[in-house]
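A single chain comes next, written as structure tokens; it is the form predicted alone.
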């Protein structure tokens, strides 16, 4: 038995790969649920009911989808150009911290809401950009692997955020609780559903997904970034400025991850804590792969992950199964997606 590379993977096979990967992941997770003594179909029914069975469930699912879309886009943009950005978690946190810091600038609190929101989001995006440009600079200058540097920066960023919210940026009205000073009220994102946490960040995330798709599909920069990802040497011989293209990709990727942190602060909490993210940056990598690096597919992949995370709590309470089954299912979907991608590119021959 041998594997033979497909010259032109069938379009239907490429489109069906994510669906097959998710079904395979659900089947494998179903085995674990059965081992725990529960019925797989009942468990998945409870997950769907928890995620969509009530107004609160729908709002929580969509609220959880927002940062997942943005971090998924951050990973998809970078990976498409073979820039292995594993540091979206750190970029998320510095983006969130930048919003809180920017709120202390004199005059920001008095700005009109639209202007205040735009400036705070820009501050978050710029912070994410700067954090990713460091690993990219080390790669371009010294050939240092950005997988290691961007991953390690996650821990540096989280420690820096912890230091700031327990020191210079600590909220004096938080009764000793480690949280930052709050973002200005004028910059908080409006709610989309009354008496829920669902906020206008959902619209921002969807618009960004469409914008990234348009950039990649219809612009010269998009063509160059795809060429750099497919074959850097050939792209260089064809005149693609690889360094400049990667710098732009890093700005876009880091900016999206930083924007995720800014949106989370302005839409949900209003301040920064060290548990602001349950791993949105790392989940973004899975979502990007599950979407096959397609910006529009990221929306569906993020929604799938959010459904699993939100619905698993209801399932856990009803069946006494650990809610960690959601993390297992999402992680399994990454593995099955990698297998599906491999099988779209290679056929098995005897």
Partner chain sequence: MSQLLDILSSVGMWEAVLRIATPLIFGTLGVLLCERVGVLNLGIEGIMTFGAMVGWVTVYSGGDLWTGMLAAAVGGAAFGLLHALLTVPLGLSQHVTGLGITLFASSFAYYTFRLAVPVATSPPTVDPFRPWPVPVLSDIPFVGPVLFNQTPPTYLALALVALLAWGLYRTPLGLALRMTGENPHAVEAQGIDPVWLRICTIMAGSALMGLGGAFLTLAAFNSFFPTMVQGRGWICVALVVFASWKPGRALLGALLFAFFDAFQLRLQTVVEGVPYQLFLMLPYLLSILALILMARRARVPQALMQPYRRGER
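Just so we're clear, the structure is a prediction, and the values are computed from it rather than from any experiment. Numbering follows the first chain given and starts at 1.
Note that the form predicted together with the partner chain isn't included here; everything after this is about it.
- Contact annotation for the candidate site: 322, 327 and 331 all lie close to the partner chain in the predicted bound form (heavy atom within 4.5 Å).
- Among 299, 62, 43, 289, the residue placing a heavy atom within 4.5 Å of the partner chain in the predicted bound form is 289.
- Site annotation in the predicted bound form: the residue of 218, 195, 141, 244 reaching within 4.5 Å of the partner chain with a heavy atom is 141.
- The shortest heavy atom separation between residue 24 and the partner chain in the predicted bound form exceeds 4.5 Å.
- Interface membership of residue 156, defined by any non-hydrogen atom within 4.5 Å of the partner chain in the predicted bound form, is confirmed.
- Proximity of residue 14 to the partner chain in the predicted bound form falls outside the 4.5 Å heavy atom cutoff.
- At the 4.5 Å threshold, heavy atoms of residue 162 reach the partner chain in the predicted bound form.
- Residues placing heavy atoms within 4.5 Å of the partner chain in the predicted bound form fall in a single listed stretch, namely 32 to 40, out of 32 to 40, 62 to 70, 300 to 308, 49 to 57.
- Taking the partner chain as it sits in the predicted bound form, the stretch 233 to 255 never comes within 4.5 angstroms of it through any non-hydrogen atom.
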